[in-house]
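We begin with a single chain expressed as structure tokens, specifically the form predicted on its own.
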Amino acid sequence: MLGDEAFRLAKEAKDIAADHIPAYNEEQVRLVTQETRYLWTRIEEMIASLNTAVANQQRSGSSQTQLGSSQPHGTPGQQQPSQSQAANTQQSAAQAEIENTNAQTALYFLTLNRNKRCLLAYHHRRAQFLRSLLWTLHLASSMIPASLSLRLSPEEQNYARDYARLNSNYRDAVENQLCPSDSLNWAADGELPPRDLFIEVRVVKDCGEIVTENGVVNLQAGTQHYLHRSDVEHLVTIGYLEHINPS
């Protein structure tokens, strides 16, 4: 039925959560786009047909008026009533056809707009997820996990890189003007500061060696460490580390 493909796409958009994004459904997007283009083509055809039907109806009404004025009045047994009745029947059929075409055009137009809204909602939700993820990664698009990157379309991967680059440039420009001797943590929670500067974490996935304020730390799966929060908070966010007894 009309709009079913867009409904499925909208349900997928609803499944996107703060910590999960499904693979980009290129096939479903293609089906919705294809249906939308078909609807637009049919709308153009019906509008052209509607204009023709209205013009024919106007000509038919004009012909009927001329026929009525040319017939002698008060002459019994003539064919004037039957001709008038046939003309009225034809005009009623034409009017019914116009109304049906109007209703079908309205249905197609509303479905087309609904498809477009579903497409926009689907891509908007995915863009929201990417923006939130990039800020938790301190705008380091190269740190997006490979398993997640595989679920993104090529356009979304380009969007993530461009978004991170533009915001990094803006952040650097602001920091150079406001606090040239220090840096701002743009990804930090602006409502409440963290209670502890150091946190205890358990390594869920191998991270290899990372450079911290206190030196190099080897984060192997299964090991536990007591580290500075700012050094590992982004790894906790993406699931590589687990915060033990988080505050």
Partner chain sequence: MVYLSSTRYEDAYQRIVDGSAHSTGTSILIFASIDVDAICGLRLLTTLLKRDSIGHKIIPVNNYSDITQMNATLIESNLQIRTLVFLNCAAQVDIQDLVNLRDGLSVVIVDSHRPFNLYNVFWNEQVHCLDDGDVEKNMGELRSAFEDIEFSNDTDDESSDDEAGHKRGSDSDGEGKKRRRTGMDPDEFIRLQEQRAKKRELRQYHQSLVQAYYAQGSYYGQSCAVSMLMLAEQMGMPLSADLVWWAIVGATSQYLLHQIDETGYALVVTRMRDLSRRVSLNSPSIPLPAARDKTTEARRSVNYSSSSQALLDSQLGYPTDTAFTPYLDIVEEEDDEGYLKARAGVSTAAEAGLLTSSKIAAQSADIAESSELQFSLLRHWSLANAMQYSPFVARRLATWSSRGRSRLDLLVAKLGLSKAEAGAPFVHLAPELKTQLFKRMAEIGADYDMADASYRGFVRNYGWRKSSLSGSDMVQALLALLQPVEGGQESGFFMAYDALSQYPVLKRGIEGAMEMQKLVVGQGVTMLERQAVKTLRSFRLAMVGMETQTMFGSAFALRQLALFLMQTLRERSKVAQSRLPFIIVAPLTEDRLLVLGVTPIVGGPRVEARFKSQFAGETRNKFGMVFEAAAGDLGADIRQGFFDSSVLEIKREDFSAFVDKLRRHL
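Numbering follows the first chain given and starts at 1. Rigid core here is just the name for the largest C-alpha set that superposes within 1.5 Å across the two forms. In this text, all values refer to a predicted model and were calculated from it rather than measured experimentally.
Form predicted in complex with its partner chain: not shown, discussed below.
If you check in the predicted complex, is H20 within 4.5 Å of its partner chain, heavy atoms only? Result no; H20 lies far from its partner chain in the predicted complex.
With heavy atoms only and a cut-off of 4.5 Å, decide whether H228 touches its partner chain in the predicted complex. Yes, H228 lies within 4.5 Å of its partner chain in the predicted complex.
Does the 4.5 Å heavy atom contact test between L50 and its partner chain in the predicted complex come out positive? Looking in the predicted complex, residue contacts with its partner chain do not include L50, since no heavy atom lies within 4.5 Å.
Does Q58 reach its partner chain in the predicted complex, with heavy atoms at most 4.5 Å apart? Q58: no contact with its partner chain in the predicted complex.
Site test, R202, N218 and T223 vs its partner chain in the predicted complex, non-hydrogen atom cutoff 4.5 Å: Yes, because R202, N218 and T223 each have a heavy atom that approaches its partner chain to within 4.5 Å in the predicted complex.
E12 C-alpha shift between the shown form and the other one of 2 Å or more, rigid core reference: No; E12 is a residue whose C-alpha shifts by less than 2 Å between the shown form and the other one when the cores are overlaid.
Can a Cα shift of no less than 2 Å be assigned to I21 between the shown form and the other one, given superposition on the rigid core? No: I21 shifts by under 2 Å between the shown form and the other one.
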